[in-house]
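Below you'll find only one chain, the form predicted on its own, shown as structure tokens.
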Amino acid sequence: MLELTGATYRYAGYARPVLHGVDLRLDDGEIVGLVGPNEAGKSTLCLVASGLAPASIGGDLKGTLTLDGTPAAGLKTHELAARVVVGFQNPNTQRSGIAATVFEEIALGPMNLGLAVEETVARTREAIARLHLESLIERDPQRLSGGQAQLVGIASLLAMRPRHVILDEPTAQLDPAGTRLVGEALRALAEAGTSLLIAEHKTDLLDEVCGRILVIDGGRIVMDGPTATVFDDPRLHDLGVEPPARARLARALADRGVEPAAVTAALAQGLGA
């Protein structure tokens, strides 16, 4: 379990906090989506939930981060990395710069955890297979497209088999096919007991994989509930969040006096015919 309690965070050099009294709990095997307008605090919350803020980037944190019952404040950086990993929108920020091939790039995470060679290779191959990256394993990591680099970055995280995963816009550079691959991989991780927090503008992806959605605005959690309940809430529009296609269609039908259930039944009947 990953738990933030009363998290108020201020970047070094900032006069005011960016996060204000945030409470967050991720249970094992739970996938939670994080949405909100630009500059709402999504990326900062990801940094704080991963322990990188303030451990690596400084700043001032009031409140506590607990990982599986252990206060994160008492963990060294390598101990944090063994429990929680974070992926960013720009894959270049997490590329090692020392690996000659994609295979080696993906293997670096397990290697840094001190795992045996056999285990490192097995985890690397599994991550490659999950995201269908077999055709890239001999490529130079610095000669990939943006989408390919993003998939490789996510595979690097999967190979570490962390207890908790924090992702900030993980599919920003991916096409629909790549986005589907990531969604399938994240579901498989959750089924194995990993908890995930995903900050993402693609609400259709969150609608498919998340059991719960958080909405952040002005550094505060303003909504927290089951995915369908939050995405069907009309307040989302005023918060600058576009609901998934399913919710937009349901609202459009309701505005015209058509019950979505009636449409679903008619489609089912037509397909059966």
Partner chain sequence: MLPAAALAGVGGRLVRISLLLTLPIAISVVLVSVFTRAGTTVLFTIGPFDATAEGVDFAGQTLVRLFAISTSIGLFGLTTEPRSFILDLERRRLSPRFAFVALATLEAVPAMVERSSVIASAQRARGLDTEGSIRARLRGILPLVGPVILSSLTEVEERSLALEVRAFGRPGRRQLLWRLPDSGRQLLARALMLGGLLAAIALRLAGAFPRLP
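Owing to the predicted nature of the structure, the values given are computational and were not obtained by experimental measurement. Residue numbers count along the first chain shown, from 1.
One more form of this protein should be noted, the form predicted together with the partner chain, which is absent from this view; the next part is about it.
Contact with the partner chain in the predicted bound form, judged as any non-hydrogen atom within 4.5 angstroms, is confined among 188 to 196, 126 to 134, 67 to 75, 150 to 158 to 150 to 158. The partner chain in the predicted bound form comes within 4.5 Å of a heavy atom belonging to S56.
For P176, no non-hydrogen atom is located within 4.5 Å of the partner chain in the predicted bound form, even though that partner is not displayed. Taking the partner from the other structure, the partner chain in the predicted bound form has no heavy atom within 4.5 Å of any heavy atom of R163. Proximity of L47 to the partner chain in the predicted bound form falls within the 4.5 Å heavy atom cutoff. The candidate site formed by L52, E104 and T120 is fully in contact with the partner chain in the predicted bound form, as each residue has a non-hydrogen atom within 4.5 angstroms of it. Applying a 4.5 Å heavy atom cutoff to the partner chain in the predicted bound form picks out T77, H78, A81, V85, V86, F88, N90, N92, T93, Q94, R95, S96, G97, I98, A99, A100, F103 from 75 to 103, in order along the sequence.
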